[in-house]
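Below sits a lone chain in structure tokens, taken as the form predicted alone.
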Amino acid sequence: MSEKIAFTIDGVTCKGEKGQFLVDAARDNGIYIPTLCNIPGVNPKSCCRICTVYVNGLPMTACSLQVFDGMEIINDTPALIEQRKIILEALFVEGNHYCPFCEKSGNCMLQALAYRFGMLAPRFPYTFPVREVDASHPKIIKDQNRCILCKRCIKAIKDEKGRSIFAYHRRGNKLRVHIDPKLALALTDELAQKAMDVCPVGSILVREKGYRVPIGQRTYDKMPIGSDIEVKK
């Protein structure tokens, strides 16, 4: 039987299981800690840093930190909100995100977090990078303009032998997530759909499935991101 523990988030007493990741334990207690790169059930990589909180006075990522008895967590302060807005704004200006024309609009976590944190015009200049759209694969399209390098597809999309179909390629400002051309040939319809679903933005799209759910009826058109967790309080 798992060991039950108690901790606090913003002064609220919460309960969880020893070894549980903080972002999951917070969710079970009706408290939303925003993430972009985290996938429940998949080992965390702490790529996006949106989930950074303060634990006993130190900054830590909630997706990779396991809860322990007596933890004192700060999740909601003006400084943390500002830090999250800075990360979001940096992600927007670093790529080419044109929400009105994106198939993922309304289902996009980056867009939904921008709404949640009241992002208007970014404080940073747009870089307008020139990046390719890889349409060479039979089942999916990879738009590098929208990729935020969160690693979700690398962690979650694997073939029957456990090999990652997506991988980082190059380094620095030339870093990209590419598709292994040989493994991609074995991509099933189900795995292609899963790749599109785990992508938090519109960088991975299944061919010939665009706009099947009308604008206005998509996930975050109906409720702000995180509100489904907060209603548990």
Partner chain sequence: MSRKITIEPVTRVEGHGKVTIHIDHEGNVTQTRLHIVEFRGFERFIQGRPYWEAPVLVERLCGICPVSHHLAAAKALDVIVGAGTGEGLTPTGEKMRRLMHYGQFFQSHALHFFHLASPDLLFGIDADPAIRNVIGVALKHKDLAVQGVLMRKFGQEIIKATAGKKIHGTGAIPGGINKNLSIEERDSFLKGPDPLNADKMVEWASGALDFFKTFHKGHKELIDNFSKFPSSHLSLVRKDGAMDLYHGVLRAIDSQGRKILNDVDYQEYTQYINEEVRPWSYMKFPYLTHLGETDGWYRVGPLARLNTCDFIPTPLAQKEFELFRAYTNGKPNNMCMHYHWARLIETLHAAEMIRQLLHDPDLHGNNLVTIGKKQKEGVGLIEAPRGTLFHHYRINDNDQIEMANLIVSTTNNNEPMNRAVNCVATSMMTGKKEITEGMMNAVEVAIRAYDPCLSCATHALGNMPLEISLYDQNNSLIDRKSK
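Numbering follows the first chain given and starts at 1. In this text the structure is predicted, and so the values were computed from the model without any measurement.
The next section is about a form of this same protein that is not shown, the form predicted together with the partner chain.
Residue L205 is the only one of I31, C48, V53, L205 with a heavy atom lying within 4.5 Å of the partner chain in the model of the complex. In summary, among the residues P125, P100, P78, G162, the only one with a non-hydrogen atom within 4.5 Å of the partner chain in the model of the complex is P100. In the model of the complex, at least one heavy atom of I215 sits within 4.5 Å of the partner chain. Among residues of the shown chain, I87 is not one whose heavy atoms approach the partner chain to within 4.5 Å in the model of the complex. At a distance threshold of 4.5 angstroms between non-hydrogen atoms, N145 is in contact with the partner chain in the model of the complex. Using a 4.5 angstroms threshold between heavy atoms, I141 counts as touching the partner chain in the model of the complex. The stretch in contact with the partner chain in the model of the complex, judged by heavy atoms within 4.5 Å, is 132-140, chosen from 70-78, 150-158, 116-124, 132-140.
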